[in-house]
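We begin with a single chain expressed as C-alpha cells, specifically the form predicted alone.
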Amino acid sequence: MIDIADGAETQEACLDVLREVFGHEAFRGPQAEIVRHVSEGGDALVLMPTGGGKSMCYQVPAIVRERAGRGVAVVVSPLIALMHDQVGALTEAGVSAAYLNSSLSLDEAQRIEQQLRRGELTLLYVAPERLLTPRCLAMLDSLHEQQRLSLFAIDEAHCVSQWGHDFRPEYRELAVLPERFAGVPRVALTATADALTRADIVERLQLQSARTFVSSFDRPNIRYVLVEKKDASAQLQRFIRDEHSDANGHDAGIVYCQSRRRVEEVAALLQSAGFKALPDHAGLDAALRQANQDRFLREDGVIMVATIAFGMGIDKPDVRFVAHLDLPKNIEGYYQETGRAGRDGEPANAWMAYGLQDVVNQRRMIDDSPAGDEFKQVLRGKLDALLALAETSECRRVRLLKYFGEDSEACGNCDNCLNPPELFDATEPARKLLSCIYRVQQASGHSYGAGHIMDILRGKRTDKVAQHGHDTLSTFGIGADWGETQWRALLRQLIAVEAVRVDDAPYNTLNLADGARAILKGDAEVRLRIQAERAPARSRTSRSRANAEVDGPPMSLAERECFDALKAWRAQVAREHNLPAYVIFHDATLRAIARRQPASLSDLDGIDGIGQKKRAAYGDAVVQVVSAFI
C-alpha cells in the first residue's frame, strides 16, 4: 500500500498505473500535476479541451487511491452513452467499473449495488439525478462512514452554470457533496468555460479552495471555415464531397441543425445523395435514436445529423468534420461542438454556413425569452462574441482563443489565414441602409422587414413599394449598384454591431439601434469583407483518406495493408464485445503495430495504448494478424 501523502511516491504510483493499465509511457501537458494533486486528496477544477485527456485526470487517481485502500470513485456523468463506453473501455483495460442509470433493469442495478457494497468496484459512473435519490445517497453514506469513498469526479461541470451552454438544474444539487461527504476530494472537469462560467462552477460546487488547472484551449488540428449561407444543403454536400469523400466512401462527421424538422430534412437529403447519414434528436423513438447513436459510434463513415443535444461526452476519436447549418447560441457552444472533431489529433474541419436569418433568429430568441434583463445582457454579449468570430477578417483561431483569455498568433490554418479576405470601406453604403430604414419609418409611422427595405434601396417598384408610396422617398434606388446578397451581408454586420435591431416577430421589422448614430454621424467606420465561398487550400490539411499521418511518416503499401487487416480484426472484436472499435485500440495504436510488425508478444512492449490487460487479451491475436505481412 502506498502513502498518498508522499508526493514523489504518489507520482511514481500514478505513472505505474498509466503504463500498466492504459499503456501510455508519459502524461500529456498538465495531466501529471493534476493526477498527483487529486491522488493526494486535493480538490480541483480542470479545464481541458476535448481530446486533451480529461478522463485520465480522474481515472488514474481513482485507481491509485483504490490501490491505497481508499475505496470507490464516483463519477457524475450526464450521458448514458458515455457511461457505457467509458465503463467498457475501463473493463477492457482491466479496471473494475460499472454504471448506474435508467438503462439498467432492476436486477442489473441491484447486482451493481451489491458489488459496490462488497468493495468490488474501482469506479462507479452515475447520472446526477440518480446520485441524488435517497437510495443512492444512503449507499454512499454507508461507504463514507466506512471511509470507502475515494473521490467524486464531476464531468461536464459547465452544466452547473446558468451561463454555460448546456445548463442542467440537477447539477446545482451537487452542492450537497462537500456538505454530506466531507473530506472526500472532488474534481470538476469541463472542456468549455469562459471566466463567468468558471466563477459560477466554483461557487455552485463550493470549490473555492480547489486548485484550478487551465490547459490551452487551442485545437491546432482543427481548421475553422465559415461561409456565407446561400443554399446550405447544397453547400454542405459540396463540402463533404470536396473535403471528406473519395472512391471508398466518406469520413465520419456531425452536422448540427437548430430544429428537429431541419435535422430530418437534412439527413434525408444526404441519404438521397448517397451519404451514410442518420438523424438524432429528442423527438425520435428512443429505440431508433439509440440504434442510430450505436451505428455512429461503431461503424466507419457515418454522418450524424443532430440538434445540439447530441455529442456531449461522445468519445469517437475519428470524427473528421463538424458542420453547422445554423448559427449556435454562443461561442462556448460553438467551441464545444466543433471540438468533437479530430479527438485523435489528426486533421479535421469545423465548417459553418451562416446568414442574416441566423443572426435575426438568435437575437429574437434572446429578446423573447422570459429571462431577466441582466441575464439577457450576458446572452447578448456571448452571441456578439460569436458574431465577431463569424464576421472577422483576421485569424479565426486568434479570435476564438482570445474569448477564453488566451493570447495566440495567427494559425495559418483557418480560412482567413489561408485565403485572406478582401475588405473595403462600406461606411457609405451602411449610411444609405440606415437612412433608408429611418426614412421609411418616418414616412409610414411603422417599420418594415429586410426584403422591403432592400427593394426600396435597389429601386424595385414592387406592388408593396408602390402601394405605400415608398418609390417617392429620397432613399429609393440609392443602392441600385449593389445586389441583394451584398446588402444582406452588410445588414448582417449592422445587426451584429447593434446598429440595427430586428423587432416584431414574425414580421422581422428593422429599426435603428444605439450603434446607428455613430455611423450616420461619420464617427464610426464599417469595413465589409468581399464575400466569396473559397475552397481552403488543401496543402495544410490532407484528409485522413489521403493517408494523413500525424504520428509518423506515411506508411508503405505493406504497412497500409497490415493496418487495414488490423482494423478488420478490431471491428470483429468490437462487435463481439458490443463496443465501439476505438475502445479496443485506437487507430494510432494499430498504425504503430503495423509499422513495427511484431513477431512476438515482447515486440508489443512500448507501443502506446497497449496496457498489460490488453496485451494479455489480444497480444497473440495481433501477432497472428501481423504474421501474414512479415
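The structure displayed is predicted, hence computed values, not measured ones. So that there is no doubt, residue numbering starts at 1 and follows the sequence shown.
The protein also exists as the form predicted in complex with ligand ADP; that form is not presented, and the subsequent description refers to it.
- For the candidate set Asp218, Asp315, Glu129, Glu113, a heavy atom within 4.5 Å of ligand ADP in the predicted complex is found for exactly one residue, namely Asp315.
- Checked against ligand ADP in the predicted complex, the residues Arg343, Lys382, Arg363, Arg396 give one hit for a heavy atom within 4.5 Å, which is Arg343.
- Residues placing heavy atoms within 4.5 Å of ligand ADP in the predicted complex fall in a single listed stretch, namely 51 to 59, out of 51 to 59, 561 to 569, 64 to 72, 592 to 600.
- Ligand ADP is not drawn, but in the predicted complex it has a heavy atom within 4.5 Å of Leu18.
- Ligand ADP is not shown here, but in the predicted complex it comes within 4.5 Å of a heavy atom of His24.
- Interface membership of Arg575, defined by any non-hydrogen atom within 4.5 Å of ligand ADP in the predicted complex, is ruled out.
- Shown alone here, Asp608 lies within 4.5 Å of ligand ADP in the predicted complex, counting heavy atoms only.
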